[in-house]
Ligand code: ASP
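First, one chain by itself in structure tokens, the form predicted alone.
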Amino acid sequence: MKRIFYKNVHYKTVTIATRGEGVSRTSLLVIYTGGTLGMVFDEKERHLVPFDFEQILEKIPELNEFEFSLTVISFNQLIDSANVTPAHWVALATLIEENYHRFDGFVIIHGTDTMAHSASALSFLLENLNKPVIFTGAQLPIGAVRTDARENLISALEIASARKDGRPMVTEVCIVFNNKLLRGCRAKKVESAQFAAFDSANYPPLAECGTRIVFNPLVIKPYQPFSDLRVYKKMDTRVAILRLFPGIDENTVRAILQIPDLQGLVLETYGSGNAPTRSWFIQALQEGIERGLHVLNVSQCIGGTVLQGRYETSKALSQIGVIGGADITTEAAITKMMYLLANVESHAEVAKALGKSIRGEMT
């Protein structure tokens, strides 16, 4: 084991070769940020403690069936995903950038609560990605009897190492969970108690893991042989989410719209993009847009799309300059907004990019 530093953040690394001392075909970097997957029960302390990845082959002997060279980088201070911030996303993007040419693929072990946010954020921060970056985690710790941790991690490692004709099968940021490979910026956590924690209602799975892993190449981002990875390292957090509900009042709406220096608002509307037509509501939004605020209309529904202007209750939004978000998830919408505000200078270009797909996050 050795210890390294990236941007004053402390990590420790462990290198593990499966199949003994033989030459491994695939080199993978595993980044352990924290979360349920990497916990085991300490009999002495009588509570869950972080797992020592030097013992991974003891906990998951099935890995010996693969020819991997695994390097595991663990955050020195593991984080519950409820405490994840954009600074962690930049740290992850930086780790991938600095190790991009050393490894064939990347697996990020992450807590489930904000995994969809993190996977969406990295989708935007890693432009021209040509290698797999696979997020995974678990609903139960790796040391639990009925855990889903082993299966999720094995699937993530196998997918990250999968190649055809010398090229990776997956070239984007994804989530592997409960036998499905989902596009990272399309996924959403939908369950807290069942193993099927994530879904991608508006985009099909990129692969399904049964007796074998079956990829769907028609929906996976194509390999781009002549593109070079570009990593962005800024996110603008001057954003907010406003979720509509029956009875929402003017004071509530204006309190959010008048947050000092607010630059972007994700507006969670009903159904296919519908909102109240009351004059004070439209006027409050219009005043914000006239001040330079970007407002992105996304649906509260898990599936379906915003069709702004289809009904009378959404026509006024189009008329005042609210941007239709099509079928983007809230997680992708808020992280995309942070990314664009930080890295695109032109107000008009930010608005244009919000309304179109830039990483496969919307149809």
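The structure displayed is predicted, hence computed values, not measured ones. Residue numbers here begin at 1 and follow the sequence given.
If you look for the form predicted in complex with aspartic acid, you will not find it shown, but the lines that follow are about it.
Checked against aspartic acid in the predicted complex, the candidates Asp199, Glu151, Asp113, Asp104 yield a single residue with a heavy atom inside 4.5 Å, and that residue is Asp113. Distance criterion of 4.5 Å from any heavy atom to aspartic acid in the predicted complex singles out Asp80 from the list Glu208, Glu127, Asp80, Glu97. Although the partner is absent here, Gln308 lies well away from aspartic acid in the predicted complex, with no heavy atom inside 4.5 Å. Contact check for Gln139: a non-hydrogen atom falls within 4.5 Å of aspartic acid in the predicted complex. Aspartic acid in the predicted complex is approached by Gly35, whose closest heavy atom lies within 4.5 angstroms of it. Only one segment in the set 239-247, 86-94, 104-112, 180-188 has residues whose heavy atoms sit within 4.5 Å of aspartic acid in the predicted complex; it is 104-112.
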